[in-house]
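Take a look at this single chain in structure tokens; it is the form predicted alone.
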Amino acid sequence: MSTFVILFATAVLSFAIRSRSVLKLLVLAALLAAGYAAIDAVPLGLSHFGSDQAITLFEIVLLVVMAAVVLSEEENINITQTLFLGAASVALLESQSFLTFVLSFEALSIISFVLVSNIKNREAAIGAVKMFVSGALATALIVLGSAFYLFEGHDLNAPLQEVGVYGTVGLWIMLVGIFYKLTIVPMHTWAADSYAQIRPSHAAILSGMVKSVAVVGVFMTFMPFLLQQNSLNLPVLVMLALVTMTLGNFMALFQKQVGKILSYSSIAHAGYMLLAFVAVKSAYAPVAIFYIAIAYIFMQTALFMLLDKAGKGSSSVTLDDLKGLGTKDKTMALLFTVQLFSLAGIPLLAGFLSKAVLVYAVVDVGLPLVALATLLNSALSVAYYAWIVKHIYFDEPAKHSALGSLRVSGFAAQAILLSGTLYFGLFATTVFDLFV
């Protein structure tokens, strides 16, 4: 809990600091102290999930990504809200009961709504409203599902317990609400618009950081239920995973706005992540969800942050705007390309191994056709990632385009995220050894 206390206390203190440079120094020092506390303390992660060391590593990854976000940010209020999101994320990862999971999950949602309410234009306002309405509906479903779970006589101040009919109905109602927030089809429509309309730096935090933490927390919490009701849950989860990844990849092919492409890519990755829920009976499922969450938090955060710098805070950057970027700004072009290739699953990058472990886990539970469908989807995604790279390197520079560039702090942030993508692509044993 010391990690949570450091982040929360720093977030409260940050309201009194006006100087951005002073605030960034304070926050970076706090993140360093929080990292030391996470390593030094006894981890308190939920039961049934891999090892306590895995929770510690994920918290360290979270703090590293937060440091990159803080370095890149240009508004004090966004730095403060990132700290609050980090504190809620740690609380979620270290939840010891079903009640603390629900409260932490909703805290993440509420702080996310506050983050996107920092509105600068009409497009961002529309995206924020869509996100708020969808989030309110999802919260209502989570509360309703909790009521069914309580009605069956279960104790919220304990880990998830074995359930009967009412409990099963309640937990599935909760999962529908949670899947709403994780952008699982058909509860995805808000994200396709919201991520592409809100400021890209906000989308980086929500689509990258918050989503990765949430999916790990949900898997940890619901793993006993998924195992207990596997025969009932499996067909539904398989269908949701396949439809989500396929629709996300298919829709991304037809987008011209880069933010929209990344939004639908995010939806497709939600489908990939759901494969760990499908393969919950495999010993590789915890490794798979852990690995893809780590890879995704680096890749998605980096790309939306790059988009924010390229668009100077605007979400309206199109493929035409990126034409000739490889000539005009070689550094930004290279950063875009490496992270896109990682999302596509190119070997030696974190995105490749994260998908490989997921496919292996699915095969391990006897679902080779699902694994094949996943590989075909991954191949399909290469088309639109390569299409972006084609505009960056092989098209003539757009005369009307006036993209922004990376400053020193923005470059430092991207260097941190690139290091994560490369490190976890090359040194997979860092993750695997935690689950042996």
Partner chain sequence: MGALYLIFLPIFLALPLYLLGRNFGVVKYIALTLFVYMLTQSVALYGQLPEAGYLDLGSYLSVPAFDFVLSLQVDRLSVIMLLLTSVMLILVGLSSWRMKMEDAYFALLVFFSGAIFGVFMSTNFLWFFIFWELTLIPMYFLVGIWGAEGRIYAAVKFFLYTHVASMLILLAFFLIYKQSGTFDMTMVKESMLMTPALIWWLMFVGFAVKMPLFPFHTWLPDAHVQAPAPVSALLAGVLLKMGAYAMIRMVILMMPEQAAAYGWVILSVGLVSLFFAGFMALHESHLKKMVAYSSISHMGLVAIAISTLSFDGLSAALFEMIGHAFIISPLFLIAGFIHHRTGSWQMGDMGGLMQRAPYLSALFVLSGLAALGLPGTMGFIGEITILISTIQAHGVWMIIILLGSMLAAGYLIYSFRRVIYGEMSPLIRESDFSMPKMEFLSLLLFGLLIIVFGLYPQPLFEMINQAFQSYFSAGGLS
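Positions refer to the first chain, counted from 1. The model shown is predicted, which means the values in this text are computed figures rather than measured ones.
The form predicted together with its partner chain exists for this protein as well; it is not shown, and the discussion that follows is about that form.
Shown alone, this chain has one stretch from 52-60, 31-39, 384-392, 65-73 that lies within 4.5 Å of its partner chain in the predicted complex by heavy atoms: 384-392. Exactly one listed residue, out of G326, P286, G170, G135, brings a non-hydrogen atom to within 4.5 Å of its partner chain in the predicted complex: G326. Among the residues A147, L227, V114, L334, the one placing a heavy atom within 4.5 Å of its partner chain in the predicted complex is L334. At a distance threshold of 4.5 angstroms between non-hydrogen atoms, F8 is out of contact with its partner chain in the predicted complex.
L13 falls outside the set of residues with a heavy atom inside 4.5 Å of its partner chain in the predicted complex.
Using a 4.5 angstroms threshold between heavy atoms, L26 stays clear of its partner chain in the predicted complex.
Remark: P368 counts among the residues lining its partner chain in the predicted complex, judged by a heavy atom distance of 4.5 Å or less. No residue of the trio F222, V236 and A293 has any heavy atom within 4.5 Å of its partner chain in the predicted complex.
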